[in-house]
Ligand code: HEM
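A single chain, nothing else alongside it, follows as structure tokens in the form predicted on its own.
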């Protein structure tokens, strides 16, 4: 095995023993920078999210200083920035070692990071001063899309120049990283097709393309994040067969098919061609195969958990696996047209997004950062502190998720009577307890993520400082 597992663990610290990987693995400094700035983005994004949840209950709270129409895009943009920075940091850190080569260009990667961070600071400033101009989830002035697109072209060049060779000999995570970075660039450009008059002048075409781009964009970062999870599991277990097996590649291509086509379930309410909706429904239902595979392998997962539960990155991956199960079940349910009719646009959709963003993507990327810090940099973290953050994060997220589902169900029940004229205040009154729970659990979730993040910030900052001096 690549990483030898200890039979016992200290009560004061969690630390993997020296691994063969640490002796030969020299991760890109830029990868560490991306993970560091990404964690900072996550914490500030969560902070604005909590502020927004309070304003949802108390609209006048800090309304003069930073109103809800500013806190919401700040929250969304910063959390999305965390996912892309965490994914890019993982790719820069692990891809070269995966193919036994150095990164093609550290300079190009550094330019990518500088462009991304400066653009992000510019977007934050534009929101703060009330300057908007984009569409949902990409609400910043449209000219910011230019440096973002350029920066992403840099990682594509760097990645494929680094992994040059026959893809057929590479494990699945090399395919997933490559698929993800290309798919993001394509879907990101597609999300700006509304600038063309031929799209903007046709409402159905405009909405369809916009929602298609947003749905597929999520699929692109899922490829990058899940590729990272495959890499970590291979390194932790020492078993290289899983990331090269036929069944693994079958599910990779199934995921790719979903990335390309299942966005259609977001557009059920749009009066587009019926075949688009039918294909989207059928593709969405193929996720039942993924769900079935998770259930089929659950016993093996429990066995692995008993063997590796003391390994910090593995525990985060195990938690993300539970959230994949929960979120996948919810995703399949809301993909059914008869159910989607009632759930679309409610807090059930928000629950799905939050469960995926925090429960899956964030936990996997934190596992990646811990793997880098503990296994490669050979640093320890306090066991009690990690356990507190780990359980507080997962329990808070579960309560947070259930409260969003509860508020969404209340709204869905109203939708059963489309011709009734119930005031919006009645909906708020019926959902008030759910929103209060949502706000409180969001606050404890921020505390949990902060506890998990602080040791990482200390280790990553120290490593960058030591390397630069």
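Positions refer to the first chain, counted from 1. Note that this is a predicted model, so its numbers are computed, not measured.
The next section is about a form of this same protein that is not shown, the form predicted in complex with protoporphyrin IX containing FE (HEM).
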{"query": "Contact residue in the predicted complex, from 277, 379, 75, 205 (heavy atom within 4.5 Å of protoporphyrin IX containing FE (HEM))", "finding": "75"}
{"query": "Contact residue in the predicted complex, chosen from 399, 209, 117, 353 - any heavy atom within 4.5 Å of protoporphyrin IX containing FE (HEM)", "finding": "353"}
{"query": "Contact flag, residue 46 vs protoporphyrin IX containing FE (HEM) in the predicted complex, heavy atom cut 4.5 Å", "finding": "yes"}
{"query": "Contact flag, residue 331 vs protoporphyrin IX containing FE (HEM) in the predicted complex, heavy atom cut 4.5 Å", "finding": "no"}
{"query": "Residue 367: touches protoporphyrin IX containing FE (HEM) in the predicted complex, heavy atom cutoff 4.5 angstroms", "finding": "no"}
{"query": "In the predicted complex, residue 105 touching protoporphyrin IX containing FE (HEM) (heavy atom, 4.5 Å)", "finding": "no"}
{"query": "Which of 171-179, 134-142, 317-325, 253-261 lines the interface with protoporphyrin IX containing FE (HEM) in the predicted complex (heavy atom within 4.5 Å)", "finding": "134-142"}
{"query": "52, 79 and 358 each touching protoporphyrin IX containing FE (HEM) in the predicted complex (heavy atom, 4.5 Å)", "finding": "yes"}
{"query": "Partner contacts in the predicted complex for 429-444 (non-hydrogen atom within 4.5 angstroms of protoporphyrin IX containing FE (HEM))", "finding": "438, 442"}
